[in-house]
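Just one chain follows, in the form predicted alone, and it is written as structure tokens.
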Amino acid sequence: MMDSLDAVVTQVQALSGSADDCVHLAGLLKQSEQVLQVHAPRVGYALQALDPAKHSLGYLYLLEANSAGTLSREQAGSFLVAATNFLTVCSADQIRLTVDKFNILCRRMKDHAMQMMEPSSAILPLYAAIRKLQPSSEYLTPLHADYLLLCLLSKCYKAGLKILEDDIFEIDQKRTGLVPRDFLLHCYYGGMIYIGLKRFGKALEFFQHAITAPATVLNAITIAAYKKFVLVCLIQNGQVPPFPKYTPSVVQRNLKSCAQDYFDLANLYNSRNITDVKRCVHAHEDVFKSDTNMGLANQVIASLYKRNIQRLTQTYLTLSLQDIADTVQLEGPKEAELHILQMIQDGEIFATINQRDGMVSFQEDPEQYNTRKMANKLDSEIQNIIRLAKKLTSVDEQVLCDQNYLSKIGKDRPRYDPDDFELVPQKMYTNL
């Protein structure tokens, strides 16, 4: 154990070369945490003697100790600058020797950026931290949720796609420090990012991951995710599907009672009556506002207008703007025209409007699926499916060879299983 700050700095400088030296240094630094806490006011000067790229492990310990406790705004600003530089240049191999300390430092940076009302300042360094903590882009880390939260607060939704579009297959607590709460928050914030981008289908995927995650008790994140799930389902599909079979029983039993206001809206939505849906949203306005879901509730109303217009395309070839306004319960032909133009622009219907007589002609989808662009898109999807199939085969092989899995199924199965033995062919009996 090193008993002075100078000794700590000396050891960091001496043991930051080879991989074995770094492993040894990690043990020494862990034993010296009390020394760093005692000398916390002087740690800032000690950092000047270290190179964050070369002495990343020691620099991490000292910077974390220097940022502990309550910081003034000026101190927080200096910490953000130092942390930004460190996360940008630090050695991935060294910081992975102490993932818990690294996660603490990154979350402290996120907290100070939020307190200073500058969440966008931490987006790029935290992205660099994620890539250095990940053994590969297939790993989920605790920092994913923090990064997405910063993107949400900064309204930088497209920045969130940099990690959301990665295919996640690996969850390893030892290598990343991930806990169940981190996974749930990643799904919840990811769904919110996709809502901000109007990609409601992907938002549903992420919320469903949070709802169906293994659980023994109901938690606030799952409840919040389900409330948004109900509203997004109405916007995207017009109905709320039943729980998947693999949803934990505690979730299936208790979740609906925690979101009764949302189910009232979903039931009325099925009636396709705009007036009733508006009345329901107004009646539960306080609940939607307290859940920060009022914006989504208003989009549910707007989606019902669109869905009712889409139903008209299945019945009529031409219809006047006034008839559409009357049928869909819009204020007049001008509002009906605005709705139809927006739906045409979004590719939700195919139609033309005759401005002279105010008639709308509904048409079939003009896509013939015979263009080079469409062929490239189909090929890309096929290649993605092939890659996914190979990955699933690999994961299946790993599970079948896992000792814990084999022990578990060995205990659950009887000692002698008739299926393990090939039955005697019937023709052998006939020859006797």
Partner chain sequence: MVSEEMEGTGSRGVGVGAGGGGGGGGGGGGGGAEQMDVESYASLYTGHTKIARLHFIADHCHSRALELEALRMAADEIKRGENTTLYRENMEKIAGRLGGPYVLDQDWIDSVDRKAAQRQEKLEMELNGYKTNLIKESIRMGYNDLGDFYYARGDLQQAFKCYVRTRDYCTTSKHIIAMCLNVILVSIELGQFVHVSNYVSKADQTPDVQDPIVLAKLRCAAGLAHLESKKYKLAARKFVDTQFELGSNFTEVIAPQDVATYGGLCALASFDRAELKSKVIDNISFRNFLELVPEVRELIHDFYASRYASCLGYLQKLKPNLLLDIHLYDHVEALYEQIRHKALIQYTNPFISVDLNTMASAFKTSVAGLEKELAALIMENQIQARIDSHNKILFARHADQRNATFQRVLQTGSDFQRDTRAMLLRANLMRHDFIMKGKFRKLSEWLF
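Positions refer to the first chain, counted from 1. Just so we're on the same page, rigid core means the largest C-alpha set that superposes within 1.5 Å between forms. Because the structure is a prediction, the values reported are computed rather than measured.
The next section is about a form of this same protein that is not shown, the form predicted together with the partner chain.
- Here the marked residues L149, I168 and Q398 all reach the partner chain in the predicted complex, each with a heavy atom within 4.5 angstroms.
- Using a 4.5 Å cutoff between non-hydrogen atoms, L317 counts as a contact of the partner chain in the predicted complex.
- Using a 4.5 angstroms threshold between heavy atoms, N370 counts as touching the partner chain in the predicted complex.
- Residue contact check for N219: one or more of its heavy atoms lie within 4.5 Å of the partner chain in the predicted complex.
- Although the partner is absent here, G77 sits far enough away that none of its heavy atoms falls within 4.5 Å of the partner chain in the predicted complex.
- Heavy atoms within 4.5 Å of the partner chain in the predicted complex are found in exactly one of 206-214, 124-132, 84-92, 69-77, that being 206-214.
- With the partner omitted here, the residue from K162, R181, K289, H282 that has a non-hydrogen atom within 4.5 angstroms of the partner chain in the predicted complex is R181.
- None of A49, V38, A53, L388 but one reaches within 4.5 angstroms of the partner chain in the predicted complex through a heavy atom, and that residue is L388.
- In the predicted complex, the partner chain lies within 4.5 angstroms of at least one heavy atom of each of the following residues of 358-396: M359, F362, E364, D365, E367, Q368, Y369, N370, M374, K377, L378, E381, N384, I385, L388, K391, L392, V395, in sequence order.
- The two forms, fitted on the rigid core, differ between this form and the one not shown by less than 2 Å at the CA of T70.
- In this overlay on the rigid core, N404 has a C-alpha that sits 2 Å or more away from its partner position between this form and the one not shown.
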